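Form predicted alone, single chain, as structure tokens, below.
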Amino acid sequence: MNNPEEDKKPKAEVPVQKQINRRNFISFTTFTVLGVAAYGGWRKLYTSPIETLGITGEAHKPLRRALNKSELFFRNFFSNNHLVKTYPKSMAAKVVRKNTSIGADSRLDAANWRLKVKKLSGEVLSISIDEIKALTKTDLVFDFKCVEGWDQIQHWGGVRFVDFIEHFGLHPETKLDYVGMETPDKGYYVGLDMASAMHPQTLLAYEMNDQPIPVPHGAPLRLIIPVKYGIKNLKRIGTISFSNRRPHDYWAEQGYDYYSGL
């Protein structure tokens, strides 16, 4: 005599197996289609024309268009009321990480260093580090972020850029759209939108962990601008200028995002 339970078992397993096979087929097909589409998109971008070298360069044209649209998005939401998170000094790294010394790898002539500020009138201010240190000092402990993906809580001290502007009577210059900064040897240079430069947490820093900034980190004066990635935080500032046209920018010329905002 046949066992009714044994007769039912294979019949019940058949539709279940069919469902499993169907789901596997759908999953595999979906994965394949998405993979082909992703490869096609990457291939299209990879083979697209490179932008014409100018203020920016070396990026594929579709990528540069995307970066420019991202910049517009971030600039529309930028506000001085949006401050980066700060931390107690005890949380700051004792060994501060650095990536590059471009523009600050030549010998520093500390005795003769002067910050040159080019005014709209044509006058060039020549400012000593002692004059800068005489201004109100501000400390900032924040999470420094690099485009390479790492971050580190760091402690910097110096004069706020807005206070520097106020003290040296540079209000007419702030009506322009951009600030340009470069090292004394002109080996490294950045362009900043005026709004970011005038953010209340932007510093002209001369101290790191309550000590004078070491040469590898940009002595005697460097830029700390926490609303930007590290590539905008210029070491060893030599010259500051102002304009309505984008100043040249070292990494933007290598294909990176000009705005580099956070």
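The numbering used is simple: start at 1 and walk along the sequence shown. Keep in mind it's a predicted model, so treat the numbers as computed, not measured.
One more form of this protein exists, namely the form predicted in complex with a small molecule; it is left out here, but the text below deals with it.
Asker: Taking the small molecule as it sits in the model of the complex, is K228 near enough to touch it, meaning that at least one heavy atom pair lies within 4.5 angstroms?
Answerer: So K228 does not count as contacting the small molecule.
Asker: In the model of the complex, does R97 have a heavy atom within 4.5 Å of the small molecule?
Answerer: Judged by the heavy-atom cut-off of 4.5 Å, R97 is in contact with the small molecule in the model of the complex.
Asker: Answer for T202 alone: is it within 4.5 Å of the small molecule in the model of the complex, judged on heavy atom distances?
Answerer: Contact check for T202: no, nothing within 4.5 Å of the small molecule in the model of the complex.
Asker: Contact with the small molecule in the model of the complex for Y87, defined as at least one heavy atom pair within 4.5 Å: yes or no?
Answerer: It does not: once the small molecule is placed as it appears in the model of the complex, Y87 has no heavy atom within 4.5 Å of it.
Asker: Where does the small molecule sit in the model of the complex: which of 127-135, 113-121, 170-178, 98-106, heavy atoms within 4.5 Å?
Answerer: Careful reading of the contacts points to 98-106.
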